[in-house]
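Okay, so here's just one chain, in structure tokens, the form predicted alone.
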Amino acid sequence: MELTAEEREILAGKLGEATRRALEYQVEVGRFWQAKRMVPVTNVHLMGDIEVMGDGGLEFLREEVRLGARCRVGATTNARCIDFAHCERLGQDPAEVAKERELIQCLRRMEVVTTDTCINYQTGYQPRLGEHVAWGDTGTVIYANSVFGARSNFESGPAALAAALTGRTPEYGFHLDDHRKGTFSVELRATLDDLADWGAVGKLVGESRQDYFAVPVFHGYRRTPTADELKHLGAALASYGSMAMFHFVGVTPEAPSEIPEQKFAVSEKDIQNVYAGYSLGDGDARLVVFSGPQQSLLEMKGLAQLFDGRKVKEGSSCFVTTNAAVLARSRALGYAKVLEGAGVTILEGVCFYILQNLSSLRRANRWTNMVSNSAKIVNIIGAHRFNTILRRTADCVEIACSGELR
């Protein structure tokens, strides 16, 4: 790799041992990907929770703090695995709760802003066209690349932290023009009136390719999709297809004027077949989840309207996850009061699928099915042995309140 004079000074230890180690690690990553140089980044978003990092990850952060690690660019954290206001009720391990608290303090000592959100692009930082960032969560990366035209790869936890300490990342993958071009087209022939429909599109397209460097180009749709619709589309594409970018003609800033030859179409029947393809298992309808990604303020408003005047069925559980900023505004606007009055549990700063001790929580509550309007969580929570079912938002609310799964 071609290193600058500043980078050679960093490797010589001029900015301290933590930064030296971080750049040394990045150089090895860059060599693996045959990167020619490093590229400066302006923002970092990283995973940082005890369920994902474990004891080894916590000890790694302790060592970084001892070495005096400090972020050189703005850095924020993805969702946690523990909501401290609900950990006792959820039966989470007190020892792991204590570790989560220590982990957060380690990150803060390194000047990481612990936003605890997977929707940082809706509430924290919105990069500009062409801006290089180093983001970790797949849903945030595909949104940054696609909707904003910023540039990031899927950064692992250590890689994202290294970028925060050095202010740069290896120039490979989606930092380069060659990988950002559309590779196949997707004609949208369905109405797509619900967020779950957009996740279903992501499932169909993602499963058909499953290629990090595949970049679908969506076209033919009758209106401009909302930010939340693009959020669910991107999260599902990343989850089912490991895709890191998409184009939407007339919407995203780098969408091509010429549609690629490889064609794919999504019809109304295709969307209906997605919903019909889920097994109802034993018919249990006692768990409904709105999470993965966290809910935006407008999603919280929509859920409050659907739950207004209703109650979650006795014996059933309904969880909503969001970040601190959205929850605070939801309380001020009365949305949270409506949801909690209906019996909905709102978890702050977490995502449901990475909750600490989730498998034990499933067994303790004898949950078998999990119903959600998020195609992403329906896909990735399977490791905890749920039978997952994707349904539209209003249907999820009806299931939560009636206790009936059809």
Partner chain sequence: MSIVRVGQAYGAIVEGEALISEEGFSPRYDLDRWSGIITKPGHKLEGMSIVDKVCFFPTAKGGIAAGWAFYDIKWKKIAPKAFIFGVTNPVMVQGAVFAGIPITAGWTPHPGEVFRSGDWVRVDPARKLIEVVRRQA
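What you see is a predicted model; the values in this text were computed from it and never measured. Numbering follows the first chain given and starts at 1.
Just so you know, the form predicted together with its partner chain exists too; it's not on screen, but the next bit is about it.
A heavy atom within 4.5 Å of its partner chain in the predicted bound form is found for exactly one of P256, G220, G124, G157: G157. Think of it this way: in the predicted bound form, its partner chain has a heavy atom of just one of G54, P40, G68, G343 within 4.5 Å, and the residue is G54.
Although the partner is absent from this view, A383 contacts its partner chain in the predicted bound form, with a non-hydrogen atom inside 4.5 angstroms. The closest non-hydrogen atom of M47 lies within 4.5 Å of its partner chain in the predicted bound form. In the predicted bound form, at least one heavy atom of D137 sits within 4.5 Å of a heavy atom of its partner chain.
For the chain shown alone, S239 is a contact residue for its partner chain in the predicted bound form, at least one non-hydrogen atom being within 4.5 angstroms. Judged by heavy atoms within 4.5 Å of its partner chain in the predicted bound form, the contact stretch among the candidates 231-239, 194-202, 327-335, 306-314 is 231-239. Along 24-48, a non-hydrogen atom within 4.5 Å of its partner chain in the predicted bound form is carried by Y25, E28, V29, F32, W33, Q34, M47, G48, in order along the sequence.
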